[in-house]
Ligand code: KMH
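Given next, in structure tokens, is a single chain: the form predicted on its own.
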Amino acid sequence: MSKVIITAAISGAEVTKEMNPAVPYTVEEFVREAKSAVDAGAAIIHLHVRWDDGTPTQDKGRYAEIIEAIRQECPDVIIQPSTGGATGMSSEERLQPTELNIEMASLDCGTLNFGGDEIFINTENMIIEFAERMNSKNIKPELECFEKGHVDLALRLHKKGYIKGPLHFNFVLGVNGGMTATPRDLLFLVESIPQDASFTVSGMGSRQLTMNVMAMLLGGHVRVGFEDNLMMERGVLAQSNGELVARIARIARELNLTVATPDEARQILGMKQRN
């Protein structure tokens, strides 16, 4: 059976408790949500962190505290901190998690208009800087691509030697300013990457489930979680990240796929096994 990696993006930087009371802010809440996701089948926890009042931060100390607490409960899971942070943060702020003992991190591959005056800036030089930092610390990058131009830039920087293989993409679809979360656009992106590259798909809001299922049908992997979607169905809030993971894990098994363990995910992505 083919194996599918499930990533749980358990908090993001934008969603709040006013949107869903289960969104984690405190260390204890992050552990609760991470454990619920891992117990349901997640191999990777994509991690943004918050202060206790919900303010997003890239503070190295806060990341260290939450990562250590999650590892106490989920020692095998791959923890993938975000280097995207939140709009308006400097490169120095965003790169703080790479100073920790981590094995994987997100690497955003282009600039995006998030709406109004909000611009998520990722210049070519910034992407090179982030990639070189990850190379120097043996951190596996997940290449976050919101549209086709981001894929092209990542491939160009890979050809120049800045981004090391094997390549692993995350196609983030349905974000304002990026490509729409449609089968047409996802197929276009999948056909735009090398055959030996792997990919995950993140669909926003109500498109999460559709994009997840199509990703699996195309031989890819999936991301679920509160960062992207807070609902189980229209008008019904998800009670935990684990509930979202459990649903996609069940569908994967019904498609005759095996849900990958963290160590199997490391093997699929060409990462070193943890000691």
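A quick note: this is a predicted structure, and the numbers were derived from the prediction, not measured. Residue indices: 1-based, along the sequence shown.
Note that the form predicted together with (5S)-5-amino-3-OXO-hexanoic acid isn't included here; everything after this is about it.
Asker: Should F120 be classed as touching (5S)-5-amino-3-OXO-hexanoic acid in the predicted complex when contacts are defined as heavy atoms within 4.5 Å?
Answerer: Taking the distances in the predicted complex, the answer for F120 is yes, it comes within 4.5 Å of (5S)-5-amino-3-OXO-hexanoic acid.
Asker: Is S202 one of the residues lying within 4.5 Å of (5S)-5-amino-3-OXO-hexanoic acid in the predicted complex, judged by heavy atom distances?
Answerer: Contact check for S202: no, nothing within 4.5 Å of (5S)-5-amino-3-OXO-hexanoic acid in the predicted complex.
Asker: Flag Y162 as yes or no: does it have a non-hydrogen atom within 4.5 angstroms of any non-hydrogen atom of (5S)-5-amino-3-OXO-hexanoic acid in the predicted complex?
Answerer: No, Y162 is distant from the partner.
Asker: Is R50 near (5S)-5-amino-3-OXO-hexanoic acid? Define near as a heavy atom within 4.5 Å, in the predicted complex.
Answerer: Contact check for R50: no, nothing within 4.5 Å of (5S)-5-amino-3-OXO-hexanoic acid in the predicted complex.
Asker: Here the chain is shown alone; which of A86, L100, L153, A197 has a heavy atom within 4.5 Å of (5S)-5-amino-3-OXO-hexanoic acid in the predicted complex?
Answerer: If I apply the 4.5 Å criterion carefully, the residue I get is A86.
Asker: Looking at heavy atoms inside 4.5 Å, which stretch does (5S)-5-amino-3-OXO-hexanoic acid contact in the predicted complex, given the options 153-161, 189-197, 103-111, 70-78?
Answerer: Single hit among the candidates: 103-111.
Asker: So which bits of 224-254 sit within 4.5 Å of (5S)-5-amino-3-OXO-hexanoic acid in the predicted complex, heavy atoms only?
Answerer: Sequence-ordered list has one entry, E227.
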